[in-house]
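This document starts with one chain, in the form predicted on its own, laid out as structure tokens.
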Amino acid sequence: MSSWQKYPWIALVAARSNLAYWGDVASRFIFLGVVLYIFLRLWQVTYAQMGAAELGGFTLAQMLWYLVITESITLSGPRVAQAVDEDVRTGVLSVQLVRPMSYPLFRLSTTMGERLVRFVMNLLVGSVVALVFVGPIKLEGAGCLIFLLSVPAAFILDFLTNFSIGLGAFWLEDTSGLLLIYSRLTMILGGMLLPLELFPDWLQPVLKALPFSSVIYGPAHLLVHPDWSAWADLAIRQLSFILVLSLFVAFLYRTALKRVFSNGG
């Protein structure tokens, strides 16, 4: 088996192992359902107080379906930064370097395997909640297609950011602060809590140009408001950010390895 053929199998094993603990799976489902119900009640009050059928071009039903996607993406993310941080501090990374595979690609394969399973399951549960409380929205085949095309790139982009944060353990005593900042920026500026259309007009282009929106807002918006030109714009941004972050991670990783070797790792 060639080295490249190993990574899909690693992803498959990670996906299967993620289904082994049904108690953990059930707890995530319950949490997602509670979060979506709370958001629904908050937005019901907001729409009623504003006396509006739409806010930012979203009806109440579209808003809940938008939140189903954003929460599914957010809650599907494995603890990449923490895992890399732990590997660095415990010396597990030195053991990984002996194996005939790339450590970054090993982590990417594991993450994608786990995340795709979690995302699909979150999406199914979130869809049931949305159908029960607000009913279906009009979905087009093209919209579903471009949404699915945008999701893997969003996952890779999020992985690269988390992986680089985890590598910070080579220089920082604690990387949890960086991870907290990133998660909060994604939550607020990435459109997880509310669509970017609800921000001031002058701020929207800035937020859409940031990488956070390419992870959360972009894919969710495409499902509710499908548009091929919007997908093309999102794809260009995602690929650009992936390229830049890949180069940054490669530089950071090579620099970190020098520290390992210089200390006899």
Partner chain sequence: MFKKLASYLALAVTYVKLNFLSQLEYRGAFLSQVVAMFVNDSVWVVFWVLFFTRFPALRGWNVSDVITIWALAASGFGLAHGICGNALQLASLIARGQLDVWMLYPRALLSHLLVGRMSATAWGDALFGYVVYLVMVRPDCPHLLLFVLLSLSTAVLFVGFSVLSGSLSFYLGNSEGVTEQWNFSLITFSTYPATLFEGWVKLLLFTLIPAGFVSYLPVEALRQLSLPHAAAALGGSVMVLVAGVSVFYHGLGRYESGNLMEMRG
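A quick note: this is a predicted structure, and the numbers were derived from the prediction, not measured. Residue numbers count along the first chain shown, from 1.
Not on display, but discussed next: the form predicted together with its partner chain.
- When contacts are defined as a non-hydrogen atom within 4.5 Å, all of V34, D174 and L180 contact its partner chain in the predicted complex.
- Only one of the listed residues (M187, L116, L131, L145) places a non-hydrogen atom within 4.5 angstroms of its partner chain in the predicted complex, and that residue is M187.
- Contact with its partner chain in the predicted complex, judged by any heavy atom within 4.5 Å, is made by just one of I236, A53, L42, A209: L42.
- Residues placing heavy atoms within 4.5 Å of its partner chain in the predicted complex fall in a single listed stretch, namely 189-197, out of 160-168, 91-99, 117-125, 189-197.
- For S27, a non-hydrogen atom is located within 4.5 Å of its partner chain in the predicted complex, even though that partner is not displayed.
- Among residues of the shown chain, I38 is one whose heavy atoms approach its partner chain to within 4.5 Å in the predicted complex.
- When contacts are judged by a 4.5 Å heavy atom cut-off, S229 does not count as touching its partner chain in the predicted complex.
- In the predicted complex, its partner chain stays beyond 4.5 Å of every heavy atom belonging to T59.
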